[in-house]
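Before any questions on binding or motion, here is one chain by itself as structure tokens, the form predicted on its own.
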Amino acid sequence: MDLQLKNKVAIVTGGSQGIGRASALRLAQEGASVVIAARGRELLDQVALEIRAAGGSVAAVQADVSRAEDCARLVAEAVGAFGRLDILVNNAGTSATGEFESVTDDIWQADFELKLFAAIRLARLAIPHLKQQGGGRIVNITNTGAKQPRAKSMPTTVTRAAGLAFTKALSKEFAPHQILVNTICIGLVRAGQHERKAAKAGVALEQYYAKLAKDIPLGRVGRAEEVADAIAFLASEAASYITGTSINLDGGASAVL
């Protein structure tokens, strides 16, 4: 299926590994020019090399999207590099969780800056450019815990729940401008953080994933490429009548729609 992304320009935050890397590669494969952003330069440059080696067009911007000035620079460099902006993928984030009484104000604030305010600021900066193109796409990455929080899941489940509300409100306000805003609520997906936890616990990675998958109806942990496919779909013309929607990408684990 032709997703009609050729000549589109997309920003992908957290683009140096995991879901961000897979999404950047997928969008570039579909013909989009991709601007990837992350804090670390080395991994960022490696992904840029991968995309170029596959014939894609990419710009790599070292940026910490929890900082307002870096958000502004990222959008400016994206438009400067490719002359337009059509797609924003707000993917940057980590899974910060702990016992409620141990979560300090600084931890709360850092999580809001990274997961919520980064999305807010980047959307505010991107929307004028999307309007110039007659519309566009914003895809926010959240998680299923935002809908069904468990004990010891803060601050992540709270900031992600705010991301759901942000997605819905933004979709309503900018639908008249043909700016479609959706969120993908991920469940357990293979990622570097799980590799580090497995190594710390001294457990083989596949054994670690098998343990995590016990409560997943499909019987396995998801792959970053599967999230990337969903992002590419939502960014495409094939999803031109979908906005204000959350998609659970969790192997059926969530008990709520």
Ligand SMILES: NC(=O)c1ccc[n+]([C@@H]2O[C@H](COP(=O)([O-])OP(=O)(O)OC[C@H]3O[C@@H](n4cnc5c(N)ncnc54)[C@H](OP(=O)(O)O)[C@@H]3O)[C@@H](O)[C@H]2O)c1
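Residue positions are given as counts along the sequence shown, with the first one as 1. None of the values given here were measured: they were computed from a predicted structure.
Although it is not shown, the form predicted together with this ligand is what the next lines describe.
The partner is not drawn, yet in the model of the complex one stretch among 97 to 105, 142 to 150, 81 to 89, 166 to 174 has residues with heavy atoms inside 4.5 Å of this ligand: 142 to 150. Contact here is defined as any heavy atom lying within 4.5 Å of this ligand in the model of the complex, and by that definition each of Ser16, Arg160 and His194 is a contact residue. A residue is said to contact a partner when one of its heavy atoms sits within 4.5 Å of a partner heavy atom; Pro217 fails this definition for this ligand in the model of the complex, lying far away. Proximity of Ala37 to this ligand in the model of the complex: non-hydrogen atoms within 4.5 Å are present.
This ligand in the model of the complex comes within 4.5 Å of a heavy atom belonging to Gly93. Interface residue remark: Ala59 is not counted as part of the site for this ligand in the model of the complex, having no heavy atom within 4.5 Å. Only one of the listed residues (Val75, Ala123, Leu114, Leu130) places a non-hydrogen atom within 4.5 angstroms of this ligand in the model of the complex, and that residue is Leu114. Comment: this ligand is not present in this chain, but in the model of the complex one of Ala228, Ala48, Ala63, Ala28 has a heavy atom within 4.5 Å of it, namely Ala63.
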